[in-house]
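Heads up, the chain below is alone and in the form predicted alone; it's given as structure tokens.
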């Protein structure tokens, strides 16, 4: 499925590890534009999907793409961590999918402020019902708090200097646009385009996005809760796009697969993360950083 320029990453690998040909319910915890879910429903007449997304715009577009299968789809405008346990029959659930990160649809919408390549307001909220924007963080956070956030979530060097400059310049004029922030980052890091080098603004924007949307908070706890609720045979597939997410997934699956005081709840299906083929990366550059891990409830 390709909609609004969105191509689902690691589609065939995700469906294979989900064993998505089985009749039953599949939870798409981060629906996005619904690319993975559409393929599950198209290929498997016995499948139904329960989808969650906190981005109302993405959810609205996904609903259009899923309209043909509306009788087999239930969608929630909600964070997956708020999944309503009492509304889902876990005896029928066969797979749980998390495609983390940000979609090309969001990146390609300048008014959302997710991309440093397009000028727009410093927003970056996945759920517009929340109040904290990137502009607000840059305006309100103290210098030490900014430096720590950029170091931790952006894994950047020299974050004290960047934080100091942000605080100095906001006294004269608040940061309002993505272009203003990108220019400052390029100045601080003396950026010149180099083949194979990641633009430092990509890491700055990542740090802000993670902070604003609490992207890492509760991720491990969600998987642990699902491992309790799920029945044996339920497959879990998680696609991460940066090392911070992938590290959490790796450790959580390892802990749930370990033998300790109680029997393990999961069996890891991937010893190492599955990555995109060269052909997929050529067709969809977003796939370059994708890492898929899978496990099965035992």
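Numbering follows the first chain given and starts at 1. Note that the coordinates shown come from a computational prediction; the quantities given were computed from them, not determined experimentally.
Quick note: we don't show the form predicted in complex with a small molecule, though the next part is all about it.
Is it true that 35, 54 and 78, all three, sit within 4.5 Å of the small molecule in the model of the complex, judged by heavy atoms? Checked in the model of the complex: all three residues contact the small molecule.
One residue of 249, 256, 29, 47 in contact with the small molecule, assessed in the model of the complex (non-hydrogen atom, 4.5 angstroms): Contact with the small molecule in the model of the complex is made by 29 alone.
Among 35-43, 229-237, 65-73, 266-274, the region lying within 4.5 Å of the small molecule in the model of the complex by heavy atom distance: Result for this chain: 35-43.
Test of understanding: in the model of the complex, would residue 99 fall inside 4.5 Å of the small molecule by heavy atoms? Output for residue 99 is yes: heavy atoms within 4.5 Å of the small molecule.
Within a 4.5 Å heavy atom cut-off, is residue 103 in contact with the small molecule in the model of the complex? So residue 103 counts as contacting the small molecule.
Does residue 286 reach the small molecule in the model of the complex, with heavy atoms at most 4.5 Å apart? Judged by the heavy-atom cut-off of 4.5 Å, residue 286 is in contact with the small molecule in the model of the complex.
Spell out, yes or no, whether the shortest heavy atom distance between residue 126 and the small molecule in the model of the complex is within 4.5 Å. The answer is yes: residue 126 has a heavy atom within 4.5 Å of the small molecule.
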